[in-house]
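Quick setup: one chain, the form predicted alone, written in structure tokens, and binding and motion questions come after.
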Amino acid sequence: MDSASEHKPGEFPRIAFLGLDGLLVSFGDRLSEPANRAALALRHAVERESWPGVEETTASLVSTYLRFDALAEDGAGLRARLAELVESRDWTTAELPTGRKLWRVPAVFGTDLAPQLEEAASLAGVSMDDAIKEIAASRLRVQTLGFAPGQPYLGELPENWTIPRQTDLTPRVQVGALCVAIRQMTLFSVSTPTGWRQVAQTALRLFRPEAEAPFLLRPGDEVLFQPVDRAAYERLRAEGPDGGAVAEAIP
């Protein structure tokens, strides 16, 4: 066996079976930019391979998952092919998938719509004005989708934003809420309770079940949040589900 399939504890990448019909390749035990890059790049490579019997692929923050037809495909053989692909290069330095988009999303920071901006800024050791500038200057990657349909985890912010989640839940944030914790941001696709601190509100609707492609963002896309005032936010919200967001292809 090669090193990807015969590993020591703590070594990455690591390949493991999940149940009878799943394989998981892990690139780390905690979030990092290289591990997330590797997970996204490997998933794209697996899709290009079009291996018989592979029915689904997805990427989480630091891992790539394959689901296969266990009745039609030999799991051991598929694992061997996967291990060969994993060992073929250093995925932590791989190019990200093609077809990605850069989204520019208007957001109103603070106000009664996002009342935890001051608290989050204090925990990050900056003023509210500087907090807005730091977030707006950060080109955040969609690291994965999860928790709710089409909901992105975005990162990473500068290190001073390694702030904890709340100990208590906010009873409810609205669709389009922008919240922060542990150097990540999440843009809520549904209205829900959360332990993340809300710092801004957008008028963007990410989950569109009526559309042919119900999830607006894809893993690997990037997002820039553009501060707007309350009046602009209200106008954009009235204009439709895009909330003023625009996208361009990433070369």
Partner chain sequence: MSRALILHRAGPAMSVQDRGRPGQLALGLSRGGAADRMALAEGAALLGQGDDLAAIEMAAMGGVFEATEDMRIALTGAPMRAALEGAPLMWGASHWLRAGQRLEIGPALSGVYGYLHVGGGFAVPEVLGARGAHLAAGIGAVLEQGARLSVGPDAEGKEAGFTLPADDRFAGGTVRAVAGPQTRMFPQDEIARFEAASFTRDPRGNRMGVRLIPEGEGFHAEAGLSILSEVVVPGDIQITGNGTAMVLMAEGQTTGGYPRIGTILPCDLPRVAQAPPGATLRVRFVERPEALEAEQAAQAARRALSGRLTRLVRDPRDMRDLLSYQLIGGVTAGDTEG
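Positions refer to the first chain, counted from 1. Rigid core (definition): largest C-alpha set, two forms, superposition within 1.5 Å. Note that the coordinates shown come from a computational prediction; the quantities given were computed from them, not determined experimentally.
The next section is about a form of this same protein that is not shown, the form predicted together with the partner chain.
*Asks:* Choose one stretch from 159-167, 82-90, 123-131, 110-118: the one whose residues place a heavy atom within 4.5 angstroms of the partner chain in the predicted complex.
*Replies:* Heavy atoms within 4.5 Å of the partner chain in the predicted complex occur in 159-167.
*Asks:* Decide whether residue 58 counts as a contact residue for the partner chain in the predicted complex under a heavy atom distance cut-off of 4.5 Å.
*Replies:* Residue 58: contacts the partner chain in the predicted complex.
*Asks:* Could you confirm whether residue 153 comes within 4.5 Å of the partner chain in the predicted complex, counting heavy atoms only?
*Replies:* Because a heavy atom of residue 153 falls inside 4.5 Å of the partner chain in the predicted complex, the answer is yes.
*Asks:* Is residue 136 near the partner chain? Define near as a heavy atom within 4.5 Å, in the predicted complex.
*Replies:* No - in the predicted complex, heavy atoms of residue 136 and the partner chain never come within 4.5 Å of each other.
*Asks:* Taking the partner chain as it sits in the predicted complex, is residue 14 near enough to touch it, meaning that at least one heavy atom pair lies within 4.5 angstroms?
*Replies:* Flag for residue 14 set to yes.
*Asks:* Looking at 145, 140, 105, 78 here, can you tell me which has any non-hydrogen atom within 4.5 angstroms of the partner chain in the predicted complex?
*Replies:* The residue from 145, 140, 105, 78 that makes the contact is 145.
*Asks:* Taking 18, 31 and 196 as the candidate spot, are all three within 4.5 angstroms of the partner chain in the predicted complex by heavy atoms?
*Replies:* Checked in the predicted complex: all three residues contact the partner chain.
*Asks:* So which bits of 173-206 sit within 4.5 Å of the partner chain in the predicted complex, heavy atoms only?
*Replies:* Residues within 4.5 Å: 182, 184, 190, 192, 195, 196.
*Asks:* Determine whether the C-alpha of residue 23 shifts by 2 Å or more between the shown form and the other one once the rigid core is superposed.
*Replies:* Passes the 2 Å threshold, so yes.
*Asks:* Under a superposition restricted to the rigid core, does residue 39 display a Cα displacement of 2 angstroms or more between the shown form and the other one?
*Replies:* Yes, the C-alpha position differs by at least 2 Å between the shown form and the other one.
*Asks:* Given a superposition on the rigid core, I'd like a yes or no on whether residue 61 shifts its C-alpha by 2 Å or more between the shown form and the other one.
*Replies:* After core superposition, the C-alpha of residue 61 moves less than 2 Å between the shown form and the other one.
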